[in-house]
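As structure tokens, one chain now follows by itself in the form predicted on its own.
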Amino acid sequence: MRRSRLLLSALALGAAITLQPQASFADYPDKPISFIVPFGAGGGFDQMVRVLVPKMEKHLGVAIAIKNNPGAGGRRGSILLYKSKPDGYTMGLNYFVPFLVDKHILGKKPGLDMEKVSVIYKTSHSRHFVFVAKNGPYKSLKDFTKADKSIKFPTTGIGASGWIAASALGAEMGFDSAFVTGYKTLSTAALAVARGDGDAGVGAIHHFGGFTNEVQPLVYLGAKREAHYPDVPTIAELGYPQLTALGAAHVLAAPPGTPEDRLEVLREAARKAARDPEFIAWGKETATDIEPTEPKGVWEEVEETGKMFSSLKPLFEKSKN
């Protein structure tokens, strides 16, 4: 009997030692998490994160430090996130658009392997308007095609959402797009349009909302009309439904190799945050579509966007010649 008791005690001690790493892992997270935003403070991505993050903190029980790392149309911050330590303590927004542009339109090797990105969750999608100065010569997109010069768009950078939307519109409709880059946010780019430093802009309501006396939207790049501007036609109504995929998808991601267990903890916090009434109200106020999407759906959207860009490549090449 004594030997049996000793044997059982030894087995129990061994089991406790074996289970100890799992118990430690279950304590995740136990320290602050860094959140990389690939655009500057005050922009649409940054605004979304600053509404979402407090809701995620509530469910995770730790602080989340927001770190803006703008540059190269969202590439710089996305690459920084991609190359970070995959321990679950670095997450952020991965902006796929510029890398899809590089691959499918510009014929360049993307700065990261998109298929290796650890997708956490998509919370929302900001679809944009094309707008012009009220006192300018353009009253419709058709006027762009009649212009005897290139239509000048202020934008944050090559491959950014405004650049790709303006380029796609020009390629499809047959007008030349020119760009003034270097603006830190789409809001500052919108101000340039209001001042007459550019012919047209691309952005959401929170980008040009401070200049409604100076600018007017011509078209909404969505499938259905936006409630704040019900008289503005959609790009689908004008005969270009494929362009409704444009805009800024807010995809939360982590470095490749982040343990799935930890991704799921972050994912569940994102799910709950995206359903928070305050986050939903923010979406309505800013005309941001709340579109909670699991990783499988995100990858399907990325694939479809890549196909759209591939189909546009011949038009891009023609419009640049």
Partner chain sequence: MLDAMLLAGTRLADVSSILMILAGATMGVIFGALPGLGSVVALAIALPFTFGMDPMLAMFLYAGIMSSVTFGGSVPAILLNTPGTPPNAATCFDGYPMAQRGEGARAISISATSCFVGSVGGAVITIALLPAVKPIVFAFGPPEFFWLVAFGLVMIAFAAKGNMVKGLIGGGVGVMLSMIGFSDMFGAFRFTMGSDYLWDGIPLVPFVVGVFAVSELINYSSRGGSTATTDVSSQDMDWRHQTLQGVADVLKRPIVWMRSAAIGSGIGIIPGLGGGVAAFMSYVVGMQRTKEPELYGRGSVEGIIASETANDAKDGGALLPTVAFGIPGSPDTAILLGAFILHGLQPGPVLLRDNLDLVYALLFGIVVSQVATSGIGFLSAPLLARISVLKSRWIAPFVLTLVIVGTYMLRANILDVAAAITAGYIGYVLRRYGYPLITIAIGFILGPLAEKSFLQSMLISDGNFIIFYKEPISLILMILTLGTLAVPLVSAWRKRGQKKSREPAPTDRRPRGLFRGPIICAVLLAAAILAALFNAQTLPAEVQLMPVVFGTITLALLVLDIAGEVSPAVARWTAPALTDMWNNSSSGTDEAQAPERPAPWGPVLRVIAMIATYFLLVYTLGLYAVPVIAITAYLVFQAAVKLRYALLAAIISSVIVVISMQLLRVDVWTGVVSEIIPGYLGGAISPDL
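Keep in mind that this is a model prediction, so the values were computed, not measured. Positions refer to the first chain, counted from 1.
One more form of this protein, predicted together with its partner chain, exists but is not displayed; see below.
- At a distance of at most 4.5 angstroms from its partner chain in the model of the complex, all three residues 152, 191 and 197 contribute at least one non-hydrogen atom.
- Screening 157, 217, 170, 247 for any heavy atom within 4.5 Å of its partner chain in the model of the complex leaves a single hit, 157.
- Put simply, of 89, 138, 211, 175 only one has a heavy atom within 4.5 Å of its partner chain in the model of the complex, and it is 211.
- Only one of 233-241, 128-136, 73-81, 219-227 lies within 4.5 Å of its partner chain in the model of the complex by heavy atoms, and it is 73-81.
- In the model of the complex, its partner chain sits within 4.5 Å of a heavy atom belonging to residue 50.
- Remark: residue 290 does not count among the residues lining its partner chain in the model of the complex, judged by a heavy atom distance of 4.5 Å or less.
- Proximity of residue 122 to its partner chain in the model of the complex: non-hydrogen atoms within 4.5 Å are absent; the residue sits far from the partner.
- At least one heavy atom of residue 180 is located within 4.5 Å of its partner chain in the model of the complex.
- Of the residues in 89-119, those that come within 4.5 Å of its partner chain in the model of the complex through at least one heavy atom are, in sequence order, 102, 106, 108.
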